[in-house]
Ligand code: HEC
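Next up is one chain by itself, shown in structure tokens, the form predicted alone.
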Amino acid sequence: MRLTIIALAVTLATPALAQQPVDATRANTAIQSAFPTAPAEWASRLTGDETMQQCSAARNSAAKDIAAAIQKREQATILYPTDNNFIGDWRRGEALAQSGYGLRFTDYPPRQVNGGNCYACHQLTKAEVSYGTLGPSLSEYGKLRDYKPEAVKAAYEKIYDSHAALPCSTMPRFGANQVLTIEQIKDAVALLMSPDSPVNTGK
């Protein structure tokens, strides 16, 4: 009986605790002490840029005017392929989607190219049954959009900088933060938008 009461009290208190204001000084101290050996060039990752600071302050639910400013600012960061071709090789895109390598302490200094770790959040192909559900299913992504050129470009932009499409998105800004190269992003787009990709063939 006592355990039931305690569990109920914790359950009822948790939402209230989640709404408590955050002491920025204590939070920053905790972050700095958690990464005492972080390389100097990683300092910006601990503080966050203007977009991340605004999204964190709003708990990823920014007011309309702030969201509009974020979207405009992030759209301005997008670099497009010089040949205006947004589709690479879906086979490389699949390998990219499977790889979680990059940006971890164990990956420093880098010994191979970064991955996208796409399956951590999305369903893509039928063959891969291990995937996360934080993001929407991307199965038949290109097929559902009739492989239209504007959909191809939109996919590139979302991967390059998700905040340009959805301010305060939980998806990484792969291009803007130089996690992936433009060529890698093109390969990821190919995985989503190529008619012969397993994303669209159901294989």
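If you're wondering where the values come from, they're calculated on a predicted model, not measured in any experiment. Numbers for residues come from their place in the sequence shown, where the first is 1.
Form predicted in complex with ligand HEC: not shown, discussed below.
Under a 4.5 angstroms non-hydrogen atom cutoff, ligand HEC in the model of the complex has I159 among its neighbouring residues. Not displayed here, ligand HEC is approached by N117 to within 4.5 Å at the level of heavy atoms in the model of the complex. In the model of the complex, ligand HEC sits within 4.5 Å of a heavy atom belonging to T170. By the criterion of a heavy atom within 4.5 Å, C121 is counted among the residues contacting ligand HEC in the model of the complex. Partner contacts here mean any heavy atom within 4.5 Å of ligand HEC in the model of the complex, and among 23-31, 141-149, 39-47, 57-65 they occur only in 141-149. Contact with ligand HEC in the model of the complex, defined as a heavy atom within 4.5 Å, is made by all three of L96, P136 and L180.
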